[in-house]
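Encoded as structure tokens, the following chain is the form predicted on its own, with no partner shown.
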Amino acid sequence: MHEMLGNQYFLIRNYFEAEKEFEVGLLSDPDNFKIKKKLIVCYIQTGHVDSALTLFHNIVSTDPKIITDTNPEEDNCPCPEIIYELESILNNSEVELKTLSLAMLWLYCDLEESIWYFEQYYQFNKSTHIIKSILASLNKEINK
């Protein structure tokens, strides 16, 4: 029920309401990767980038194909639109946060672009083990 309602909110790009519904849905089905994939986008759009990164790391550690096999058109994925918006306003204001958001969003569309943005983010924040782990998983995927 919550996943269906979350999907409806997601379709109309009401990320705040979709986030609430997906979070409740994930409580009853914690291994639902469809919810997790959409929740990552919601978290990025609502400014909860740390929560997005946690879910993203969980998925990529399990299998990056869960995200890379996304078909933006069939899945009604807004990532191309969001990427365009973020890249057009990429300036010194919150550049680290935007770079991290772009790194995650690009994986829905292009593995190499995602890796490039994660490498850029790593330049800002070399102390994070999560980014090292994500890069290792993505580089392993690209070398398959």
Partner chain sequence: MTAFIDKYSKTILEGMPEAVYVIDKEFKIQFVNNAALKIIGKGAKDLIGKVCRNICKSDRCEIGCPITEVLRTNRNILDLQTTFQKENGDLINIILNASLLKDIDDKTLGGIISFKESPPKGFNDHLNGENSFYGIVGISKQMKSIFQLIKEISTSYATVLISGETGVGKELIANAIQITSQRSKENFVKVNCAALPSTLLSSELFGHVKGAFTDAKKDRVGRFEYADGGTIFLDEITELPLEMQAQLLRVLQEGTFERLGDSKTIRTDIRIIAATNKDLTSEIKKGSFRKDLFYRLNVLPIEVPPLRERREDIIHLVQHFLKKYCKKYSKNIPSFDDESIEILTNYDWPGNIRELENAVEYSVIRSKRDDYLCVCCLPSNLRVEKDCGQTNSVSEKMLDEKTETLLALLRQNNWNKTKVAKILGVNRSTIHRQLNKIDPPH
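Residue numbers count along the first chain shown, from 1. Everything quoted here is computed from the prediction, not taken from an experiment.
Missing here is the form predicted in complex with the partner chain; even so, the following discussion is about that form.
> Since the partner isn't included here, can you check whether the partner chain sits close to all of Lys36, Ile59 and Glu94 in the predicted bound form (heavy atom within 4.5 Å for each)?
Contact check failed for every one of Lys36, Ile59 and Glu94.
> Within 4.5 Å, heavy atoms only, one stretch in 97-105, 113-121, 66-74, 49-57 touches the partner chain in the predicted bound form. Which?
One stretch meets the cut-off, namely 66-74.
> How about Val24 - does it come within 4.5 Å of the partner chain in the predicted bound form, if we only consider non-hydrogen atoms?
Looking in the predicted bound form, residue contacts with the partner chain include Val24, since a heavy atom lies within 4.5 Å.
> Give a yes or no for Glu141: in the predicted bound form, does one of its heavy atoms lie within 4.5 Å of a heavy atom belonging to the partner chain?
Glu141 lies outside the contact set for the partner chain.
> Does at least one non-hydrogen atom of Asp31 fall within 4.5 angstroms of the partner chain in the predicted bound form?
Result no; Asp31 lies far from the partner chain in the predicted bound form.
> Could you confirm whether Ser137 comes within 4.5 Å of the partner chain in the predicted bound form, counting heavy atoms only?
Ser137: no, not in contact with the partner chain in the predicted bound form.
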